[in-house]
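One chain is shown next in structure tokens, namely the form predicted alone.
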């Protein structure tokens, strides 16, 4: 038995971050390797937790801080599933970043001396490992204040500093977009904080397990609405989406995948904080949520189709793709919610691959304009394979996890319509038709970039697939998606062990 296993999963990345910071002159280029190995270790611990949870065990660890706030951790089928997939993405992007950050430092700061290079290189990985601590904390937290702390403090801070120092565009633009990221993150967090403080005034506790006591309270509707507005801000649901194209597109590409996780994890928070404890009170929001999700699906897809910048293309597609998970939750059947969670996990896998592939294209070609790309299959076959893999996942084609997730939540949505409200059937049909737009924009741009005649300016010998440390981690994520598509039952069983109780 491994002692304090959940605490290790949460804290070990933060310890690695501190080690990188304190010993940066000595470890130098090994900072990326230390970050990657640390996250492999926590992933191994998550696999051990997964085995125990799949056998029916619920792991609970107590770490009290005071009478009202604690850092207790709970691993059940839902939190474990979310944490495991997110941590796999963190591992892949840590190794992807080893070469990519070197490229970003050179692109931003030019030829610098070894000491300056090490300062920026170690700074990136010192900040990078904090993401895992934040995400694992959100997944396992049982206290609302602790969840707020992990969701905001340990994710917004590294997002801001990494954007400001390693993002795209010039110095002023980087800091402007970093501030935009900070302000929108704080805005969403403030609504969440107001909601949980208001809940405390009614039940006298910040424990998620006590939220069911809000049932029947006339203020519960308003508390839930405030929390939903905060989460909708993070999910970039129209009309709260304005920040996403700017922030998501200008972040360094190795972080953009984690930014997608940061936005998507709000789906888990909604399920954990509102759907599970306040099931009956949440029903009133179902149809409005589905309508807003449908609007966001279509708007985000049309916005994506209009893009010529490869990074902004990926950013706008996130707006559309997140809303499918939200749609599943809005369907509010067991299948709808389970499918929404499953698709959330599939989406972050696909988006990590797509965004990282976009980063490879910029890294190799030196341009973000997709109109200046073409015929790259002959030069970059592995990169082309990665783009196609991401397109298949996001378009929800078999045999990937995206297909399973959408199949499940659409079945749940039609169940809700047929046995609850016929209007929902129409909404579900429109949402199902909107998936065609994803197929169009992902494969259309893939054809534009990788097929056809090779652009003359790309015919030089420098255009080729990047180092394997950048491509292999992404190929592994693609394989994980296929495994979940072919054999989804273990993950679905874990999720159902919690959602099925509804």
Partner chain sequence: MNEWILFLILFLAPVLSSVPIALAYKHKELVDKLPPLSVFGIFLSVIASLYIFFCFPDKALFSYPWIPELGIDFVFITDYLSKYMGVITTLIAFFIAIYGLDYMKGDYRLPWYWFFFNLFTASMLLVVYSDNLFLLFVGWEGLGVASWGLIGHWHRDDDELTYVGTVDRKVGPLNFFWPPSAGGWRAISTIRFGDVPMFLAIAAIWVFAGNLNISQIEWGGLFVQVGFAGTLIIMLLFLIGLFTKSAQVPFSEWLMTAMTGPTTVSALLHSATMVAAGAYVFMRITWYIEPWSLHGVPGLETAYTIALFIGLISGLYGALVALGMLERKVLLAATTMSSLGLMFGATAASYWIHAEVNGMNLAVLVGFWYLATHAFAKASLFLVSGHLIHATHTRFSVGDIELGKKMKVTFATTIIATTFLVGIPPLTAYWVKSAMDYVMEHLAIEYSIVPLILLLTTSIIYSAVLARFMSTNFIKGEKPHEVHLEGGGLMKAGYVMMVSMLFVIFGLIFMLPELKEFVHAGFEPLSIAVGIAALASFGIALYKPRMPSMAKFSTFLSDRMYFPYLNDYICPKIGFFFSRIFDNYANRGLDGLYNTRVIPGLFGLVSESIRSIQTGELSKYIKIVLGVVLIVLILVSIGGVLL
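Residue numbers count along the first chain shown, from 1. Everything numeric here is computed off the predicted structure, so don't read it as measured data.
Heads up, the form predicted in complex with the partner chain isn't pictured, but that's what we're talking about next.
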key: Location of the partner chain contact in the predicted bound form, chosen stretch of 455-463, 441-449, 30-38, 55-63 [non-hydrogen atom, 4.5 Å]   = 441-449
key: All of 176, 307 and 489 within 4.5 Å of the partner chain in the predicted bound form, heavy atom check   = yes
ask   = Quick one: does residue 241 come within 4.5 Å of the partner chain in the predicted bound form, counting heavy atoms only?
value = yes
query = Wondering, does residue 433 line up within 4.5 Å of the partner chain in the predicted bound form on heavy atoms?
reply = yes
inquiry  = When the contact criterion is heavy atoms within 4.5 Å, does residue 216 count as touching the partner chain in the predicted bound form?
reply    = no
request  = Answer for residue 204 alone: is it within 4.5 Å of the partner chain in the predicted bound form, judged on heavy atom distances?
outcome  = no
message = Under a 4.5 angstroms heavy atom criterion, identify the one residue in 396, 275, 373, 223 near the partner chain in the predicted bound form.
response = 396
request  = Select from the listed residues 360, 232, 335, 78 the one whose heavy atoms reach within 4.5 Å of the partner chain in the predicted bound form.
outcome  = 335
request  = Could you list the residues in 287-306 that come within 4.5 Å of the partner chain in the predicted bound form, counting only heavy atoms and keeping sequence order?
outcome  = 299, 302, 303, 305, 306
